[in-house]
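This document starts with one chain, in the form predicted on its own, laid out as structure tokens.
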């Protein structure tokens, strides 16, 4: 039985005799020597990950102006930062968007610009007081002008991350990237074999106080991250580090189309090999790591799993869904994760980085609960009109116009003989056709790609779909694509008027 201490390992780091390998290299060592032999041979295993970590941000202290101001609102390059803690402290979050540039620029970009030494425009406002009389402040700063710039991220380095796909007929823009319709692609994140928490799944060595590689500098784990859910293998870390010492190669802003900004961040965690159990944990392979592919076409917290796959399958470039080969693509960079693990390995070998035992173990029995909602969310089925009129594709424009005149709807779902939705025609479509002296059958002018809703969807989801697709009504269909109702923007407006 092998037993080593942190003190012994650090002494080997000091005298240069330490044996350090990456988690990727450890796989072959354990295969060759077994867990006990590997534990004797290896002192530290390094891990690495580089991916989009939305739950990131930085605390900034600007120093006091003359005359002084208590910042009640502050913007950095037109991105608002939170100031509700003190006079000249602010927290800028990675996903906060610019008020002028929208999704093209956000808090993540401000953070990267600071690291790169770029000038940042600061605008602050206040009501003013006897001790803080100034009401408006405009200045330009760089990172060197700040007293502190402390990265403090509430939730990073997920232990497990689901993959994503899209069963609907529309493109979806998500934090998992752009998802193509009809299972057109699968996206995934995390570094697999190099992922920190996969290599220490029971948190034997990773906990409060663990020294880590963070953004190219030394940082620390300061506790479990928000939404820490080890029961479901979704552990997370809360971490901190000095932004002034970080490297922009490992801290990069990104914009996800239709979603917003995020921060790509490099994290590497050393795992001291104290015994053969820990050695065995660090020999995990991509074939051992399993995750679910979730269907993001379902706008719900509890998205259905389409399939369970390994990271080996995801990294192969394609997987099979319903007999179809679907391309897979990573949102994280395994190349940079490997570079992080290698750089951390070099730091340790050179005696520039020492390992330490956590001051406190991360909890292993917590779960992430859903939000408590005291107001019931109305569903589409609660307010949709069920007396919707439909029409067949072989009907002519005159029949359609007559139906619209006889009803209160400006939209007619076009259905087949067995009530399957095949298109939709509006009063505007009919007007355009008449203006062009076209009196063809409806199948010649109807819109075939129909945006729909289901009765069990929340009204908020239907409202967003109306807005995204710039339509004013959605046919409501059941699981067999039969038309059972219709919901319009007027229906939603009336509901909101009653609620507020």
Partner chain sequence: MKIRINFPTDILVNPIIAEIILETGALLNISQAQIDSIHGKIIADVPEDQFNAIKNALTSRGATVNVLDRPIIRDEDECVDCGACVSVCPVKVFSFGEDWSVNMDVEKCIQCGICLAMCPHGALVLGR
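Predicted model only: the values in this text are computed from it and were never measured. Residue numbers count along the first chain shown, from 1.
Not pictured, yet referred to below: the form predicted in complex with its partner chain.
When contacts are judged by a 4.5 Å heavy atom cut-off, residue 338 counts as touching its partner chain in the predicted complex. Its partner chain is not drawn, but in the predicted complex it has no heavy atom within 4.5 Å of residue 244. A residue is said to contact a partner when one of its heavy atoms sits within 4.5 Å of a partner heavy atom; residue 225 fails this definition for its partner chain in the predicted complex, lying far away.
Interface residue remark: residue 253 is counted as part of the site for its partner chain in the predicted complex, having a heavy atom within 4.5 Å. None of 266 to 274, 291 to 299, 398 to 406, 179 to 187 except one has non-hydrogen atoms within 4.5 angstroms of its partner chain in the predicted complex; the exception is 179 to 187. For the candidate set 349, 315, 211, 135, a heavy atom within 4.5 Å of its partner chain in the predicted complex is found for exactly one residue, namely 315. Contact annotation: of the candidates 203, 334, 161, 105, the single residue with a non-hydrogen atom within 4.5 angstroms of its partner chain in the predicted complex is 334.
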